[in-house]
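One chain comes next, on its own, written as structure tokens: the form predicted on its own.
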Amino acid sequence: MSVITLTTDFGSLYPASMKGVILSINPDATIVDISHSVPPTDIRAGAFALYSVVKYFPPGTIHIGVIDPGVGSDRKAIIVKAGDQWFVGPDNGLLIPSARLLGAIEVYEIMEDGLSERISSTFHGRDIFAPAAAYLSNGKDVLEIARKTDDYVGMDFSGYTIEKQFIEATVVYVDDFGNIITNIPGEKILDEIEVGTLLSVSGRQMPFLNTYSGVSKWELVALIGSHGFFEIAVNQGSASRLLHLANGNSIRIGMSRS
């Protein structure tokens, strides 16, 4: 079984043609949609979406990621090997956090010749990334379609501050529940504050707890989400709507220490 995943900002229409290309090359491929509702052109949000799920996929899985504001420019198309999984997409940092999560990485620049009869300047997901992934899933050696490179764009989720009285972070993802996921790894928070600590954001107080249900309905709570990052939520409500925060926003959180 060949598993190929798709993570894009394409919405409901465009992924179908990518799936058609994949299945035309490898009819036995199993295609899994991770998300097609990543906010348009939000590379970091796409990187987080992929990062949050890759470790649950079986060996040999090939992940296609396409959040690609630079499509048609001179940015490279790449394949990344990490652990026992593969990543295919644009060279804009999108694939790197997930790949590094799995281990040491090898990066290859895709050679476009022979992948498709015609390559659109606006849809590399269909004409480059989908066929490259499908050929890999069929057992084609990566060096038949790509050449190794050490020149690639990196990305990580750094850039946060944890001080005695405050936390500064960036919103990397707002999920469908309206939970605000920050770029702070859970272990970094737990090194600094205890469960039960009272925090504040935008003049509103919230406890740092283990579960959403630790507060009453409609109340704010901070916790470590299942993805392993520090998040702010509203029990049965939307923290994003309440606090008017979206992907990419900076956030400052106050801390009350005993």
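Note that residue numbering begins at 1 and tracks the sequence as displayed. All values reported here derive from a predicted model rather than from experimental measurement.
Omitted from view is the form predicted in complex with another copy of the chain, to which the following refers.
J.: Can you check 100-108, 134-142, 164-172, 116-124 and let me know which stretch has heavy atoms within 4.5 Å of another copy of the chain in the predicted bound form?
T.: Among the listed stretches, the partner-contacting one is 116-124.
J.: Is residue 236 close enough to touch another copy of the chain in the predicted bound form, meaning at least one heavy atom pair within 4.5 Å?
T.: Judged by the heavy-atom cut-off of 4.5 Å, residue 236 is in contact with another copy of the chain in the predicted bound form.
J.: So in the predicted bound form, does any heavy atom of residue 149 sit within 4.5 Å of another copy of the chain?
T.: Flag for residue 149 set to no.
J.: Since only the chain is shown here, I'm wondering whether residue 24 would be in contact with another copy of the chain in the predicted bound form (any heavy atom pair within 4.5 Å).
T.: Yes, residue 24 lies within 4.5 Å of another copy of the chain in the predicted bound form.
J.: Heavy atoms within 4.5 Å of another copy of the chain in the predicted bound form: does residue 16 have any?
T.: So residue 16 counts as contacting another copy of the chain.
J.: Tell me, out of 193, 34, 199, 220, which residue has a non-hydrogen atom within 4.5 angstroms of another copy of the chain in the predicted bound form.
T.: Looking at the other structure, the residue within range turns out to be 34.
J.: From first to last in sequence, which residues of 61-98 have any non-hydrogen atom within 4.5 angstroms of another copy of the chain in the predicted bound form?
T.: Heavy-atom contacts to another copy of the chain in the predicted bound form: 69, 70, 71, 72, 73.
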